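This document contains two forms of one protein chain, each encoded as structure tokens and listed individually as structure 1 and structure 2.
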Structure 1
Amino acid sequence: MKVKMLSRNPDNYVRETKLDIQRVPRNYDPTLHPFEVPREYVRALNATKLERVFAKPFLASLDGHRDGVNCLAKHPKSLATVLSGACDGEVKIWNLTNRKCIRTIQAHEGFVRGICTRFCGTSFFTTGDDKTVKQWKMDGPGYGEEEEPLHTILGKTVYTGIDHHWKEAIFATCGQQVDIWDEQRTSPICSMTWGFDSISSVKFNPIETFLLGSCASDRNIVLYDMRQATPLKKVILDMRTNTICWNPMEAFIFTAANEDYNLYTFDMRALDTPVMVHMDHVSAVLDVDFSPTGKEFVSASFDKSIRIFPVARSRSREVYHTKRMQHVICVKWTSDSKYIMCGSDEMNIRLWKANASEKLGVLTSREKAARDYNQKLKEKFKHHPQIKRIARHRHLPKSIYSQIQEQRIMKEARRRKEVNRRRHSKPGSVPVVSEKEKHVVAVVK
């Protein structure tokens, strides 16, 4: 008689101790798991689709201002606190977790032109159309106290922007010239000027903190060295630059938001050609702010949308808009790199997710693994036409859409004309100018 029986080695399925994790037999023999490419492709496709399904970036709208929001500032120590200044001279401090205004100050008469927080987070500075610079305490006044600034500096001219030093008790204002102030004094330590024009914004370099950048209405960007009390270099672009922002991880990189719908990322050591020209907006770019990781930045535009650009790419990866959002004047990326705030003409501050389809809240390890896997799959198959199509698809307001089409046509016409001109002139007389070089008029030493 034949007895057939199965025999197994207990070593293969019994744990050595009770504390060991259960042995899960897996056979990675590739013949048992065929079609890896098609299967992963389908997974990537699904991940891409789901990403679009879950892309709901808009979180909240903070309303309460009675005029357009002109400037925003982050709190350096608290993620939940945001400051905003409006066109009627009102400054509001918001709590993002509650999505409520916690304090309102009538800071200036006329616009609040600029607002910045001190590096320690105990006070903040505002400038306005009334030619004053005011320092305020971050905490509200005690019971019975009046809302009063800590210091007020009365200047001769209007200050159009302000920024605080990242480590020391110094701040810089701009107007007709760039002034550097000690907090304790009523007159500037030094003022730097190069030519005569109104300077619209000034920004301290967050890494090499003695560096400043400013942009003026005569289309130039000027860099200053605070230690040597001298301007360094000036670059003149085609059109006016509205503001600049330094990369918080790369000391010599800054991005300029220009009136000609583009953003220009410069290496400040080589200003004659920008590192990258970022184009997608269809109207003047009004503000720009880097993500604290230094990998991306967000730009606010007059075309009623904000866009997120990777630093190394010339095209945006994301565009945010709502029906009610008007010209976006200011934008900020929060310090934890998860959210974006934008203040616009129609008196609202909007809070967006920086990553549109990201799940908020605590993730389990399995969720994290799945997210990472999906991310990698999307990256791996991003060149495949179907996946690319779905990942790139965005809904745009009709105005923006039609403007994009229009501008495409215009650009094509210009290109064609240039090609024709080149064809009909002496070889070499019409040189090919790359997109990067096209927009820089001159670099002044």
Structure 2
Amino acid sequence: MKVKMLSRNPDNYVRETKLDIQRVPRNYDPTLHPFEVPREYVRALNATKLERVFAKPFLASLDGHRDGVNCLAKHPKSLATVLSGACDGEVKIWNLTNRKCIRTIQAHEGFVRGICTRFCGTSFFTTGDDKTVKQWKMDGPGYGEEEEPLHTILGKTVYTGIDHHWKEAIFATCGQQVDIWDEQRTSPICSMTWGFDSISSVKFNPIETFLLGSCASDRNIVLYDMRQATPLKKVILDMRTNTICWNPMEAFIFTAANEDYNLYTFDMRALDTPVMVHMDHVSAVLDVDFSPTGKEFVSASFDKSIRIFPVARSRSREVYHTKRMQHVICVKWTSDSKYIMCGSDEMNIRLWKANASEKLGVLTSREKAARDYNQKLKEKFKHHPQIKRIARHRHLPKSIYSQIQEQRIMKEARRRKEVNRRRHSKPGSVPVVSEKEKHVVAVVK
């Protein structure tokens, strides 16, 4: 005779302590759960709505400058230390944890044009309108000592930008030409020029550290090789590029911030067409900086907003603005990839979250699990029209909104004109030019 017994293991349903959650036995057979997808869709919809509810990206405003903030620099070793240079020649060092200024230096007469830190973090370099490059100690002077620079180099022309090598005691300045300097010498090791216009910014490649990129006011982006002490090649665009930024994860990729409201991501091996054209700003883009992951970058614009773009997408995923923020001159993404800093005309440095709805502070394991689950749900249903609409919607200031509408009408008019011209011309005489190819005039090697 068979005797059937129910056998249950108490480990499967008994709590170890009273603080534990009750264990629930689950059967994952899909036939028992016919409404699983609709239930997940509702959860994804709620997660998307809550993400927009909790999207409060603004964290702090660092005020203390007496003129517009012209440049920012990150400390290579300390996440909490930031340097800023203003239009009155003043340089401030900030502690982001305390949100306080810890040191102020009257570094130059006139604008501070550029600021960069040494790769080891012991000193930093500034350049200004007074034709000087100065090296300063990162630590303040001792008790009773004067605030003096370690070295001062007096140049023949105004230097408009500076950047330090990522591994060696070498830095580059730009003005009439690109100069490469050794820290121990008062004259440049080599000077490189191509064309006659002034160069607005110079940047070292963080991976292939002997490569430099610069952009000049004659619409050129020029790439240099420090080993040959010669320019490699240049790309000429429709309008002037204000600055460039190299991707910290991909050696050949850089993004250029342009006067024509767009950003262009180029692969330096094929400069004839950009990899991606990033369009969303409604005024000149003044600065750009990559996230340490290399997957996103942040741009600062004259239209009083900053935007975060994924590298592979032409439209921004996020736009930040405040009523008080004026033209944003400079922007930096912190080295832990969590925060963004921007310096603007009205003398403030603002600190933002890179992910607007991210909860700050320590998360419990249940909060982490809920966050990851919601993230997966949003990814699963992201193409559903309702969820897509809520996730994409951003409130914009009236000025930006009206300019976007105006530009949309202008773009449509240009497209209509081109279609009409092609329709009334001999077949093949008016070629179709893609958006990527429109803006590149020429590549010179």
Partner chain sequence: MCKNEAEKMNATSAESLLALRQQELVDLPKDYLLSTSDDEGDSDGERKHQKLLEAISSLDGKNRRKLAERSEPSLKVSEFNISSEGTREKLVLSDLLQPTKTSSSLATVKKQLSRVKSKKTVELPLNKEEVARIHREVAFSKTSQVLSKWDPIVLKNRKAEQLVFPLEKEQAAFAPIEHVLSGWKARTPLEQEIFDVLHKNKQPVTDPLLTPVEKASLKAMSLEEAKMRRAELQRARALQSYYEAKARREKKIKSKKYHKVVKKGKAKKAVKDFETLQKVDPSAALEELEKIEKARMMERMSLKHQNSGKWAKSKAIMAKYDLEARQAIQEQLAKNKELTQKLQAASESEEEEGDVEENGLLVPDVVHKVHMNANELNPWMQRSCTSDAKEAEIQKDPEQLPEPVAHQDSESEGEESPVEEEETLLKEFEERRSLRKRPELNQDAEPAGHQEAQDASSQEVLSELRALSWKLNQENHQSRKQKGNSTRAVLPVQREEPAQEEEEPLLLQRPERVQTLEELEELGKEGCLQNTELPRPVLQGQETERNPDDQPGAPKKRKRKEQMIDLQKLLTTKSPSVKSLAAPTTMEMEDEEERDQKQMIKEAFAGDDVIRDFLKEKREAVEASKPKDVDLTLPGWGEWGGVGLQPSAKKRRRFLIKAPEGPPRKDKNLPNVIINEKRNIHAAAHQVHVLPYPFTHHHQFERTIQTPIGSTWNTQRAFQKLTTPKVVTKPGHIIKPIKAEDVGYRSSSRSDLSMVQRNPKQLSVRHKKQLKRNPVD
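Quick caveat: nothing in here was measured; it's all calculated off a predicted structure. Quick note, the numbers are simply positions in structure 1, starting from 1. Only the largest set of C-alpha atoms that superpose within 1.5 Å between the two forms is called the rigid core.
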Report summary line: Note to self: form predicted in complex with its partner chain is structure 1
Query raised in the report: Does the C-alpha of Arg15 move 2 Å or more between the two structures once the rigid core is lined up?
Result: yes
Report task. Please check if Val432 moves between the two structures, taking a CA shift of 2 Å or more relative to the superposed core as movement. Result -> no
